[in-house]
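What follows is one chain in structure tokens, specifically the form predicted alone.
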Amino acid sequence: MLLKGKIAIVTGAARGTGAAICRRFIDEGATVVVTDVLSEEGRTQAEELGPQASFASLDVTNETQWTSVVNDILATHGRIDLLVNNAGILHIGSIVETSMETFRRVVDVNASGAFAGIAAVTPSMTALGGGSIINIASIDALHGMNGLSAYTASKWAMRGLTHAAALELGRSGIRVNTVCPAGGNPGMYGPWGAQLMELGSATTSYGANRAIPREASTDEIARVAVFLASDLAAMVTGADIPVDGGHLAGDYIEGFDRLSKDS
């Protein structure tokens, strides 16, 4: 029960990684407010999670909605201990085929939404004497990739926000960290599914050279979020935690370590 008595907000929690984080938080004793723009799915998710969960409709880019959600939680529970900025959108496309409108929308949801959330909970966390804020970024926040200009820019912005916020809020007892998974909700790739299949080995080889040659599951990502939310991570702030199976450690070449020296 690492999070017993904690009150948590998780954004983008109607499905995927956000839903997995909610389940893990509840298993560890937290009370969770499931938030999402997908109201029907979010309410269903909260009902399935049981009495320790409730739902609040939230567009993370809307400051007024953030204020309303935070005020309602404080009125009901009296505190906010944890915030997980998980809400995000994906766009795949070349730079020349990505409109400025699309670029701005991706950055607005992924980075500006996290900023709005941090700003909304900081006063109450400060008054409480501390808290933990966890930004769910991506492996693409740690290295670049073609076709992901908008998404990569937004996730690097989230990392920068994490570092600045950790420095600014640390003396108020608020820790801020980033989780950078190679994996998550496969539904995000849905609109490009057929095209990705056509790429064949080009996509499968992307994860095949990792030390652990697969994607992280949503539950594996959620376990890291539990650690960062708990007192076990009391001295961890401003960190970028890869959950990537060693993707960033380097390249694995099958058989290379079994070569023998010349006789």
Ligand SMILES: NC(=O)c1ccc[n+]([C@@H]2O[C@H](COP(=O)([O-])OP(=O)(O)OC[C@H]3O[C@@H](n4cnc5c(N)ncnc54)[C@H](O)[C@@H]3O)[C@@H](O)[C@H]2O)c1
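In case it trips you up, residue 1 is the first one in the sequence shown, and so on. The model shown is predicted, which means the values in this text are computed figures rather than measured ones.
Below, we refer to the form predicted together with the named molecule, which is not included among the displayed structures.
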property	result
4.5 angstroms heavy atom contact with the named molecule in the predicted complex for S112	no
is_contact(S138, the named molecule) in the predicted complex, heavy atom dist at most 4.5 Å	yes
Residue contact check: V176 to the named molecule in the predicted complex, 4.5 Å heavy atom	no
A14 within 4.5 Å of the named molecule in the predicted complex, heavy atoms	yes
Partner-contacting position among I89, L161, L148, L128 - heavy atom within 4.5 Å of the named molecule in the predicted complex	I89
Interface residue in the predicted complex among N185, T152, T98, T122, criterion: non-hydrogen atom within 4.5 angstroms of the named molecule	N185
In the predicted complex, segment of 67-75, 167-175, 80-88, 114-122 with a heavy atom within 4.5 Å of the named molecule	80-88
Contact set, 22-39 vs the named molecule in the predicted complex - heavy atom within 4.5 angstroms	D36, V37, L38
